[in-house]
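Taking the form predicted on its own, here's one chain by itself in structure tokens.
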Amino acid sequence: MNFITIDKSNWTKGIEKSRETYQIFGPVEDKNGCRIEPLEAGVQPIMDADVTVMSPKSVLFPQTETILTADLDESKDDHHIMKRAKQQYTPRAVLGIRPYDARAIQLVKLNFDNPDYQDPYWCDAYEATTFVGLGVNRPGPCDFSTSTGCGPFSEEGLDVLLADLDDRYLAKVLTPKGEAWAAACGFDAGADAKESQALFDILRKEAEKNISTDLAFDKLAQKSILDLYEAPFWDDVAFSCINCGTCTYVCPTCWCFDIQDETKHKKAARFRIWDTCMSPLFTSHASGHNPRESKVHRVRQRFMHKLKYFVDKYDQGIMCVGCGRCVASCPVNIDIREVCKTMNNYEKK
């Protein structure tokens, strides 16, 4: 681990230089708000943007991804044989990712890369990616990341953590991937380790003071799954939900997807596409039966997964990093913090 000072007057030049090695992703503005997108040459990331509308999970887990292809021309020996689609996993750097989003990727990693199963598409993309985070000096009103084992200056999942010091960035280089990125940019102005760490500590403490939510989930692991599942409060939680799925699409830790096959002329392809447990079609069987036919069932499934099933299976805390996107985006003001509090305090009578 080492520290580097990056003068902002050299930032653009360094990022453009790194394009010789890396594909660059970062926050950009569009008509729908700020999003993490691939950046074309000459386009710089908006480093001082507020929380992005969508999380950076799409860098590793695209909203639509071709995973298999097949040739349907029967004159060819390998016709109708599904093969892995050709994809580019050249080195890429995600700039300006917030610490809570970096932690979210580590939670998603538990699903896609574990001793029982390694998803090749996710794993290859992850290995090719360098995460350059930016500490959050001024957390927003919906940020409750300190309650979820994260925080405005958390280092988990990052290769480099930047601190914005107005005219310059102070970079804490955490991994060999981070060192390679800094070298590719030509950022090599070393900074005193003791003084730099002290400054990071000050910024972290000041930022954490602005987070007012103190979310407790300490009792969830001891709760009975059936007691929570059959609790009487789910009707009230789901009452206003319109099943739009916004909460799942903006969430950095949601990983549900659908698989679809399509053909065109003599070509076939299999796609992986984001899906949402809020949709009535999500669990609809070919027989016509739907085990989660009502919105109460679907809302319960979402929160039980985030706040109970994940807790029991992985022992990594709740499946939430406190980014607050679902809180800010929900059109009917359903708040995961309130649901968590209700579940954590529930006692069966």
Partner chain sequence: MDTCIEKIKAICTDLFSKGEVEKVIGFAGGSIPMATRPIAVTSEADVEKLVFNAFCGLNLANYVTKNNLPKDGAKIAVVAKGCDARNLVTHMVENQVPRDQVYIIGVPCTGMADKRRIAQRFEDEITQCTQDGDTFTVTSALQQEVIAKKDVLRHNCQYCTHRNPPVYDVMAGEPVEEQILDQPFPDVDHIASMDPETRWDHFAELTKNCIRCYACRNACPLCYCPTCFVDESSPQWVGKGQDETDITTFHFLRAFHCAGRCTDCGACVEACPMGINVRDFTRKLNKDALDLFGWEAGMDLDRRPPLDVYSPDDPDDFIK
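Positions refer to the first chain, counted from 1. Computed from a predicted model, the values in this text were never measured in an experiment.
Keep in mind that the form predicted in complex with its partner chain is missing from the display, and what follows is about it.
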Contact with its partner chain in the model of the complex, heavy atom within 4.5 Å, among Ile242, Ile202, Ala216, Ile81 goes to Ile242
Does Cys142 reach its partner chain in the model of the complex if we count a contact as any heavy atom within 4.5 Å?
yes
If you check in the model of the complex, is Asp312 within 4.5 Å of its partner chain, heavy atoms only?
no
Is Ile273 close enough to its partner chain in the model of the complex to count, meaning some heavy atom within 4.5 Å?
yes
Flag Cys340 as yes or no: does it have a non-hydrogen atom within 4.5 angstroms of any non-hydrogen atom of its partner chain in the model of the complex?
no
Is its partner chain close enough to Val59, Glu155 and Asp159 in the model of the complex that each of the three has a heavy atom within 4.5 Å of it?
no
Out of 246-254, 160-168, 145-153, 85-93, where are the residues with a heavy atom within 4.5 Å of its partner chain in the model of the complex?
246-254
Counting only non-hydrogen atoms and a 4.5 Å cut-off, give the residues of 42-61 close to its partner chain in the model of the complex.
Asp50, Val51, Val53, Met54
